[in-house]
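Next up: a single chain in structure tokens, the form predicted alone.
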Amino acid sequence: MNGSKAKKLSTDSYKGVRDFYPADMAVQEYIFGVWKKAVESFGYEEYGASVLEPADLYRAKSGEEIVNEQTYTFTDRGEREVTLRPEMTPTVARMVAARRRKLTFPLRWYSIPNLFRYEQPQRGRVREHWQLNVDLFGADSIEADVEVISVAYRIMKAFGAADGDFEIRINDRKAVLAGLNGARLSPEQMRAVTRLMDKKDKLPRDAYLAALKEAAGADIDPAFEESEATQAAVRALSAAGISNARFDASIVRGFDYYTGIVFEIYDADPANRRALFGGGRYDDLASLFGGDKIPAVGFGMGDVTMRDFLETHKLMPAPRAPADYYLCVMAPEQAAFAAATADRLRAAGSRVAVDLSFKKVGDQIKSADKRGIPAAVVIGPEEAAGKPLKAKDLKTGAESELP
């Protein structure tokens, strides 16, 4: 390179995304595991899809603002406009619409996709995250809404949350839109107003009212009574033993496709008082692909806000050691015997790591202890020749003979 030094590449990750070192990955897998166990207990099945979708899917289903301002959209080599998915609901609606005549309804589906949004990174919000999506298709009763909200509640309980740690806030978007019709707003004004209502808690009161006036073209301060649907949902949840659900007129959700009951789960701790996740009913979405409407209700729960909640409420899982036994090998001559020993222990159901550095035994034991591995086994020439193997408990120092 003409004698000049090559520029060193940065070790920083792309802004707004995360690297998962083993300790972080363990927490991530814990979150995924709790999600899967909880939703599968309700009979939900897992599905998946590509991270790439035609950009038009989000223009039609999520709105121009999402595509123009918040997505990673590009033109591929075939001159097609493609988007890295910012959400999963349009994708699952497309999938259901594609095979609607072959599927057996009601459908209970879930997935844990990674999603991409180009926005300003901040606490609880990054540019790439993973999200549990839970959807129930083919049931238009209030009982279906209640089931989906109950799934969300059971997930929170599965993480160890007490009822006082979080709150379920419910509203009826259909009633909100009906109430706004009296203001004679255009479709564009209606979308602008509902999106502002969704951000009400994030804006000072004066700024909120000024923004509403600008969006609506007149003074407006939406306030709505609780609808019969919301009352029925709260009653049904209470009857099911879920007592931390209540009506909240400010819950409208930001996407245009919601058609009925909408809800959000809020962290009740002052240190993290915010919406954790939410969802609602979207009966019209699948019909945009052709055919009749398919009733649907669901929610999305992100891994970032879930981890913030676990940290805030001291519910993080205890670190898990990468192995049950750490075999400290004194010299290369014992490596084959150590490998055979490790295989026998693994066959018996244990997790085993073998140190192949051949450092001093004391240094190898320190390495095991630093990793949190509970027991070390020293393998030298005597052990390779048939001397019984002993496992040393690295917390107590006690030794026990391996079978």
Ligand code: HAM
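Computed from a predicted model, the values in this text were never measured in an experiment. Start at 1 with the first residue shown and count on from there.
Quick note: we don't show the form predicted in complex with the ligand, though the next part is all about it.
Chemist: Kindly indicate whether 131, 275 and 304 are, all three, within 4.5 angstroms of the ligand in the predicted complex, using heavy atoms.
Modeler: The answer is yes; 131, 275 and 304 each reach the ligand.
Chemist: Would you mind picking out the stretch of 188-196, 296-304, 319-327, 207-215 that comes within 4.5 angstroms of the ligand in the predicted complex, counting non-hydrogen atoms?
Modeler: Only one stretch passes the 4.5 Å heavy-atom test: 296-304.
Chemist: Within a 4.5 Å heavy atom cut-off, is residue 135 in contact with the ligand in the predicted complex?
Modeler: Taking the distances in the predicted complex, the answer for residue 135 is yes, it comes within 4.5 Å of the ligand.
Chemist: Check residue 282 for me: does it contact the ligand in the predicted complex (non-hydrogen atoms, 4.5 angstroms)?
Modeler: Contact with the ligand, yes.
Chemist: Decide whether residue 165 counts as a contact residue for the ligand in the predicted complex under a heavy atom distance cut-off of 4.5 Å.
Modeler: Outside the cut-off, so no.
Chemist: So in the predicted complex, is the ligand close enough to residue 267 to count as touching (4.5 Å, heavy atoms)?
Modeler: Flag for residue 267 set to no.
Chemist: From the list 224, 247, 257, 289, which entry has a heavy atom within 4.5 Å of the ligand in the predicted complex?
Modeler: In short, 257.
Chemist: I need to confirm a contact call. Of 237, 95, 175, 126, which residue comes within 4.5 Å of the ligand in the predicted complex, counting heavy atoms only?
Modeler: Going through each option in turn, the one that passes is 126.
Chemist: Quick one: which residues from 95-119 get a non-hydrogen atom within 4.5 Å of the ligand in the predicted complex?
Modeler: If the 4.5 Å heavy-atom criterion is applied to the ligand in the predicted complex, 95-119 yields 117, 119.
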